[in-house]
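Each of two forms of one protein chain follows alone as structure tokens, named structure 1 and structure 2.
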Structure 1
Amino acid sequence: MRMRFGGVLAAFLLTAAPLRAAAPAPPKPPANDDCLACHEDPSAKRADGSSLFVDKKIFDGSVHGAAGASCVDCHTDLAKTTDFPHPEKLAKPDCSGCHAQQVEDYGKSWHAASRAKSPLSKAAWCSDCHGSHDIQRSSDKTSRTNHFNLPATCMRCHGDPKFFPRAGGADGSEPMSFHDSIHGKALEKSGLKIAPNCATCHGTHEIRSPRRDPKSTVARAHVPSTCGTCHSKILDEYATSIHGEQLAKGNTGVPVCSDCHSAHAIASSSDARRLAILRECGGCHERQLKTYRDTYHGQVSAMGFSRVATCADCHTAHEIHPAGDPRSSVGPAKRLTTCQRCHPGVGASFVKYDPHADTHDRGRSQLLWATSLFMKILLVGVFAFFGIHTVLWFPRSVKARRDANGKRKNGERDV
């Protein structure tokens, strides 16, 4: 049906052609060579002194040039211009004529929203990432948007303290730290094409703000599913954990991947991170962190040594369940196996040790509570008694020494 309609249309156009030729000639759009007549001159300048040079070789080598696109395909407002030289100020090329879907997606991005908010916004526009006359397909190794080149492209703004005052920071939240992350090294040093770049997590055209837009792929609620696109087994574990279940219910206060692993500085499991996890978990589980600090594990880790158990060593990193849950690594069923990972050969009696014992909690252990009370009374008693004893003795001792010295000076032998 469509074929037949197309045929009819073609026949109509063919018969109409002689008629069009007879009509007064409409202005002919300038050909690329017409434009280059001026723009090919490297010394040609605008009023403000900026160059208006267009390198024909570069354009011809670009994806648009190779496809035979003409200047006016993008600079559409010049297609009907007859008066040359044209005004300096032209409309921004509108890519949607050919790339409708991409521009539509871009319209939902924070880049677009920022530009819509303020005409002064420096937020990225098509050409900021893709280039202008030199645009290459992303599959081209020289393309700015090539998988391996994209971080450098994004970092032109996101790594520049002029735009983002904290851009140079290395606290893990800042984009620059991507370079030293396990992802960044895999991509940039090891050259793995499966390694993620910025777009893998943030999207390409539809990049939303994780803080301002809940639909962002890296908004708290969506971080696990985004990371899970690659780390799918971990996502399965996390999703069934108490934290994952809570997140699914809309509780975004629970930890998501980036809370423990950081957003950009993601490293493989390191000693520093095994210690940092304490702060992360302890942010919510304050009492557990406090009671942990009373144990050998907690004391040693507080001094900056990491060869002792920190949270995830016992509770696991992703499959965290309440101790009452049969799946829990610290529940009655699995506790012995968990302890034996570091303490091989210990028995059921050993694991009755309470790694979060609380001397203030009488219900948790009457024995510990009573011992703590006794020790407190003993310490306070001994120091109160000998404190007073010493304070009273001191002035008397000063006097005794003075008396003895005095007697000796007077020649008395018996001091």
Structure 2
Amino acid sequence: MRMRFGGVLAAFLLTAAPLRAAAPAPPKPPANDDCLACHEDPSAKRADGSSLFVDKKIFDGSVHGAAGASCVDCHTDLAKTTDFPHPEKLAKPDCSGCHAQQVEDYGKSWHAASRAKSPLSKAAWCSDCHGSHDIQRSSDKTSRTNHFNLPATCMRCHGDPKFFPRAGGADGSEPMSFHDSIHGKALEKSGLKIAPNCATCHGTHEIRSPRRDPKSTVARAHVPSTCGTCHSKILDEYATSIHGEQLAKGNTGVPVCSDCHSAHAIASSSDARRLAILRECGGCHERQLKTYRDTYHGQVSAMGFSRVATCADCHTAHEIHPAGDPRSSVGPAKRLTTCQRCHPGVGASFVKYDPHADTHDRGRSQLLWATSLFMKILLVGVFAFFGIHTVLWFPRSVKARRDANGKRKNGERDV
């Protein structure tokens, strides 16, 4: 029985085999030459007038062309098309087939969120940064994402007020000011490969909004660590300062790198920058700036001379501690050493000078407060005395003038 069943099954399979072989083969995807038959024509245009031209030499020299990629690897909706010309509107190429991680990172970015929010968004996507048919590796000097070319690529949008309203600002936050910054000059003029570009701070694909996304590399809480990837020693000093310790506790209102140095217009430590420190520090420490302006240092700096002590000369630039902290450069233990940097040879009595003398603070200096109060009382008293004297004398002076006029009318003469 079993042998008979096996024979019947074998006969059935032999009979069915030709039926399976007769099934139609799937359509063959169009080759690159099929696409270039139309797209290699420089006059090929869309209905809106935009060009459809693809230069074969440029594509063959791109990273995709060199790897043997075909048109339908990116334009996947044409892989099964046999009718030509194909519809004018095609789906955007999906890069995730080869670049899954990069596309996943891009999906978390501000650019992707903007495009998801509005189909009319002009936010950048793959081809805006990498190109379309001329894509090269970032290591290639002609690549749009090459270390030295990336700022120009980003500025195509972020330097245009039509796309980025803050592009024409003047507060140091606008991206175009990067070109004149110490970073921009080191990158674009000096050609230093270690100099940062846009991606160094903002990331490559996962670029998040610093105002809306706390995970952004340039969100306030992350600015020090981002800058510290290059300025590691400065980060160590800042982390132990009063500012860094407060930031570590979650207080994002304390100054971070971009508050003092700006976001893009970062300048070198020039003489002009020394005077600008007063404005940066005074933005938070208004009372201390006011008392500084009353001192010799403050009066001379107001005249434009930068070779006098400013905030960073006494408190240091990054490792700032309260005066009561033993680590402070203006604390009792280190104050003399700090002053001797500019005033070599001075003794302990020199540091009794108060660089922030405040006549309104009785607790800081009772003698100064009392002296100021005495001078105010004296000034008010003098003006009050002579004011009363003038008021009392006024009627008598009027009477004397009337009497003198009366004598002149009567022909009398003063004896």
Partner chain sequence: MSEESFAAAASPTAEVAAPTGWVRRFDGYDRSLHVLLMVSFLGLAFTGLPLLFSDRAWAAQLSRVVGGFQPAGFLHRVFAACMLLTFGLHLGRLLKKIFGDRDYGILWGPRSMVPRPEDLKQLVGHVRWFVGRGPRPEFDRYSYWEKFDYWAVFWGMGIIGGSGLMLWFPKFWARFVPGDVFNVALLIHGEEALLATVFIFTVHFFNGHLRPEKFPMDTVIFTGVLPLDEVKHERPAEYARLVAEGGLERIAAPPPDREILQRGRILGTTAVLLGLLLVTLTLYALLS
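Under this definition, the rigid core comprises the largest set of C-alpha atoms superposing within 1.5 Å between the forms. None of these values were measured; they are calculated from a predicted model. The first residue in the sequence of structure 1 is number 1, and each one after it adds one.
- Between the two isolated copies of the chain, the first is the form predicted in complex with its partner chain.
- Splitting the chain into two rigid parts between structures 1 and 2 leaves residue 74 and residue 247 on the same side.
- The smaller of the two rigid parts turns by 24° against the larger between structures 1 and 2, as judged from C-alpha superpositions.
- Core superposition places the Cα of residue 402 11.5 Å apart between structures 1 and 2.
- Relative to the superposed rigid core, residue 305 shifts its CA by 3.1 Å between structures 1 and 2.
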